[in-house]
Structures are given as structure tokens and as C-alpha cells.
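In the block that follows, a single chain appears as C-alpha cells, in the form predicted on its own.
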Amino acid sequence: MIKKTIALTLAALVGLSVLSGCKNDEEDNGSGTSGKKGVTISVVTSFGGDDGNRQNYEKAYQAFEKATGNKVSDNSQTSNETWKSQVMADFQTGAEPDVLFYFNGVDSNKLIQDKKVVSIDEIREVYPDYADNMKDDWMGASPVDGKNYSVPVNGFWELLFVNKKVLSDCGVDIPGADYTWEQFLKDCETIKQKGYTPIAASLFEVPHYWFEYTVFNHGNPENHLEVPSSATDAIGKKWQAGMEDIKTLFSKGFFPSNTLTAKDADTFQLFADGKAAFAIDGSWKLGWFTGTDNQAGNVDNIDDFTICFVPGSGERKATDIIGGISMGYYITRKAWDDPNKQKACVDFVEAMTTDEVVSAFGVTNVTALKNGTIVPDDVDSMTKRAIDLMQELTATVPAVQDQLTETARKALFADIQNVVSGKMTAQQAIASALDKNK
């Protein structure tokens, strides 16, 4: 089948057209003229109301509706553990959506094992051009059978956000591509002595950024995704060493004084207000600085901030980063087997994953697009910096936390507070989490 083109006018989104799949068949509407046959498909994504890309998502699916005559019943919510649990519960009760934007890896294993979603290979038997703008080996193959099931919008990176004014006042250089952990510790001490908080982070709410990188600093890209069999095997000792590094940062007073009780929004505001120097966060945070179409960014001068590589140690270069493509659009088995919905679902996913739409969701992100993202002529300094960093990467590895079950992950990160405060050892925290990783 040769895929036809639907011109989806997205002037308000990117000023470009969105290429979709085949046009829906037309039917006589009873008045002697032809009209589009529309169907309603149910869609669940993580683009909830507070997601930085919510507006881009709405514009893209509304353009799809206008171009095809189909309707989207949107039930998107913010991604968190509760949302993940609800998604899985819906599949168990037969209430799953027609199209799901969801995680790859461990989180989706059960969907693959229970044959609740359709592989891209199977879809291409009917629609040969499906997702043909994507690199197959970048789409996030399932660990269950090695097949691709989801079509990604874009991936993510986790990097070091830097307050340039704070560093300048402290006489500290902006980190380069060869930034080491040893230099980072020295810089943090200098920053602390000048009266600033070196690291903006909530160990109460988001300890996982620092966990990932401190563990990574005791390993390498080849073994970062390995999960310990026990707290005392080689990988377990690597995790212990990483958690001990977080404890060192805590004991030296490099985190905010309320890091064990404050929320992420509160500690990150210290960074934005010029009271803290560094913060690790993801590509999704960039929109917080730059703003959206109808909302200004959250800082007075974006040029006061930049993005750098997280300091490296041992075998890990600073240019080896946590990132990748963790989510994508799945077509469920129930929708695929419904002849009234199958093609509409294919068209929808194709419309949501064109080069133009993917670029609108984040020109700086890791992407599976064969042609890469489309970069606007004029971008702000932070966005430009992120784009440049993507060209300097030496390795990209997903987060190892995603290899743990939800219960184990929650336990591990809750216990980081206990480790840094001396209430339990890193070995005990890891052993406790592994007991729950079943």
C-alpha cells in the first residue's frame, strides 16, 4: 500500500504541515456530496495539564481531527507511579485505550507478554510505510522479545543546569566537556564558602537524578543498566559507592538545608533565584525556562543560565549521559482488531510522529528521526546550548531505575534519605529494594 499524505495545518504549532497516513475513506452523506467518515479513538498519554508539551500535544491532535474528520477522546494525565498503575489496571479490566503513549522497558513488559499491544512489524504487514521516518534500532525495542512496539515522539536527556551568575560571583568556571567529580567537589566547596547553596535538589522528592549519575560514575555505559543480584555483588557494590557519594555531598552541606523535607519545586526555585549554583534535571525542564506560546518563562534573563555535562569519574566520561528514548505511541490489540478503528489509529500515530511534530515537542531531545529534528533559525541561548551538547555526546544510556519494579524503585529512593542521614547503610537500602524487585 502506498501511503497518501494528509496536510495537517499546524500554523499555530510550527508553521508547517504534518504528514499523516492514508486518508480516511469518503462516503455519501445523504445530500449528494461527499463527507469524511469519522471515528472516535480513545487516547491516553502522559501529556497532562502541567506537562510542558501539553499545548503542543493538543494542537497536534486537534489538527489531526480537523484533517481526518476523526475524533480523539483524550484521557491524558501527568506521568507518575499512580498514573502507571492506573494504565495497567485498565488493561487488566478490558478498559484500555485504543492508542497509548507509554514507557518502553520494564514498565511495558506485561503489555507485551499479555499481547495487549501490536508490534510495528505486524502493523507494517498492512501499512508498510508505518513509522518509516524513524530509525528502527532507536525506537526502544522490548526486552521481552526484542521487537519494536512503540513509535517515539522524542527522547530525553538529563544534564547539569548551571546558574552562570552564581559561578561568576564565586570565581568558578562554567564546566566543560572534561569536567571531573574531583573538580566538582572543589567547586562546590568554593561556592559554599561564598554563601551559596552548591546543589539545588530535593532528596525527599527527586533523589533519582543524583542516584543515576553517582552510580554511573562507578561504572560505564556498558554496565550501567545492570541490576544487582544482591547488595554485595559487583553491581551492588557499585550502587553502594554511588549512594555513598550522595551521602558525602549531604555531609559536606552541598544540598539545601531542607533537602530532606522540601519539594522539588521549592529547591529548584533556589537555583532560579540565584541562590544555588547547580541542579540536575531533564530535557523537559527546558520549557520551564523558555516558556510556551502563551506563558513566559520562569526566569528574568535566560542568558543567566546554561546547561553542561554532569561531572564524570572513573571510566565514565562527562560526555557519557543518562538519556535515550523511553516512551512512545502503542496501538493496542483491541483497537488493531477493530476494523472500524484500525486505520484511524495508524493515521493518528503517524500524524503525532512526523518530523515537524517531533521537532515541536523538543528540538534538543534525543530522537529516532532519520533526518533529525528541525531547528528554528532563532533559538534562545539555553536551547542552543542543549542542541550543541547533543553533538558532543560520547554515549547515551537509559536510567537504570527503570529496570526496577515500581515497588522496588519507591523503596530505594525513599531510603536515600535514611542513608545520607545515617539511619541505615547503603547496603541495607539496596538489599531492601532488591527484596521488593519481584
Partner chain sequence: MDNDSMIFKKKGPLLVFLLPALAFMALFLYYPFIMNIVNSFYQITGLGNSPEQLNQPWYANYQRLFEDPYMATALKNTLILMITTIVFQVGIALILALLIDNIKKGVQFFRTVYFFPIVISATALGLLFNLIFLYDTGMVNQIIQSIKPGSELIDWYDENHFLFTMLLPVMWQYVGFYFVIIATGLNNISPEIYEAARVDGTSGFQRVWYITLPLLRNVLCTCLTLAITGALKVFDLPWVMFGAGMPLNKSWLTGTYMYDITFGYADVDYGSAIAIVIVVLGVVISMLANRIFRERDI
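Predicted model only: the values in this text are computed from it and were never measured. Residue numbers count along the first chain shown, from 1.
One more form of this protein, predicted together with its partner chain, exists but is not displayed; see below.
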{"item": "Its partner chain: the contacting residue among Ser381, Gln403, Gln62, Thr407 in the model of the complex [heavy atom, 4.5 Å]", "value": "Thr407"}
{"item": "Candidate from Ile235, Ala262, Ala368, Ile322 lying within 4.5 Å of its partner chain in the model of the complex - any heavy atom", "value": "Ala262"}
{"item": "Site check Asn56, Arg124 and Val151: each within 4.5 Å of its partner chain in the model of the complex by heavy atom", "value": "no"}
{"item": "Residue stretch of 165 to 173, 115 to 123, 83 to 91, 349 to 357 approaching its partner chain in the model of the complex, non-hydrogen atom distance within 4.5 Å", "value": "83 to 91"}
{"item": "Residue contact check: Gln427 to its partner chain in the model of the complex, 4.5 Å heavy atom", "value": "no"}
{"item": "Its partner chain contact at Asp129 in the model of the complex, heavy atom, 4.5 Å", "value": "no"}
{"item": "Partner proximity in the model of the complex: Asn258 to its partner chain, non-hydrogen atom cutoff 4.5 Å", "value": "yes"}
{"item": "Touches its partner chain in the model of the complex: Lys275 (any heavy atom, 4.5 Å)", "value": "yes"}
{"item": "Sequence-ordered residues of 409 to 438 touching its partner chain in the model of the complex, heavy atom within 4.5 Å", "value": "Lys410, Ala411, Ala414, Asp415, Gln417, Asn418, Ser421, Lys423"}
